[in-house]
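Here's a solo chain for you in structure tokens, the form predicted alone.
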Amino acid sequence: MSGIRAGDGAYDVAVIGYGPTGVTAANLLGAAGLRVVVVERDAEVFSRARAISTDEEVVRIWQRTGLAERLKRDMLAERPLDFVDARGRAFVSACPTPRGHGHPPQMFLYQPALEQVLRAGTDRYPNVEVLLRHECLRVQQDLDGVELTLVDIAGDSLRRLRAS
């Protein structure tokens, strides 16, 4: 390791992980005007889907980011659900009913596309700094917040940041 660099100031919030939850948080916090740092060890969105669907409650959260309508363009809605056995026979079927939140109750998604849209959304906020190819090694809490120790995977150097 080439040494430890001090961070360039304190952040209001540190988000560890830039998957669907972390990137949604970064959008919401950025819109609130908070100074945010996001730490993500991977350089790119993971290329395979790990989540396949969402519901209207989550879309309401994305609505607060201003990205719900854009995200819904890539989703399939109003589809029945069938759980099938090894022979392809349905053993449970469901057709979710809306709960009155203005969005379909169940939508199928392709997670990498969803994450790309949400990541592009954070570009709207100059107060959100994204550190790709960084891994959080340690979080130490004190009375003033937390100190993060990160490793820059590309440069193999350590960096310390503070967040409230």
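So that there is no doubt, residue numbering starts at 1 and follows the sequence shown. Everything quoted here is computed from the prediction, not taken from an experiment.
Beyond what is shown, the protein has a form predicted together with a small molecule; the following relates to that form.
S.K.: If we define contact as a non-hydrogen atom of the residue within 4.5 angstroms of the partner, is residue 42 a contact of the small molecule in the model of the complex?
M.R.: Output for residue 42 is yes: heavy atoms within 4.5 Å of the small molecule.
S.K.: Although the small molecule is absent from this view, report whether residue 58 comes within 4.5 Å of it in the model of the complex, heavy atoms only.
M.R.: The answer is no: residue 58 has no heavy atom within 4.5 Å of the small molecule.
S.K.: With the partner left out of view, is residue 136 within 4.5 angstroms of the small molecule in the model of the complex by any non-hydrogen atom?
M.R.: Contact check for residue 136: yes, within 4.5 Å of the small molecule in the model of the complex.
S.K.: Would residue 95 sit within 4.5 Å of the small molecule in the model of the complex, counting heavy atoms only?
M.R.: Close contact is absent here: in the model of the complex, residue 95 is far from the small molecule, nothing within 4.5 Å, heavy atoms only.
S.K.: Heavy atoms within 4.5 Å of the small molecule in the model of the complex: which of the stretches 43-51, 122-130, 65-73, 96-104 has them?
M.R.: After filtering at 4.5 Å, what remains is 43-51.
S.K.: Sort through 16, 25, 10, 146 and report the residue having a heavy atom within 4.5 Å of the small molecule in the model of the complex.
M.R.: Exactly one residue meets the criterion: 16.
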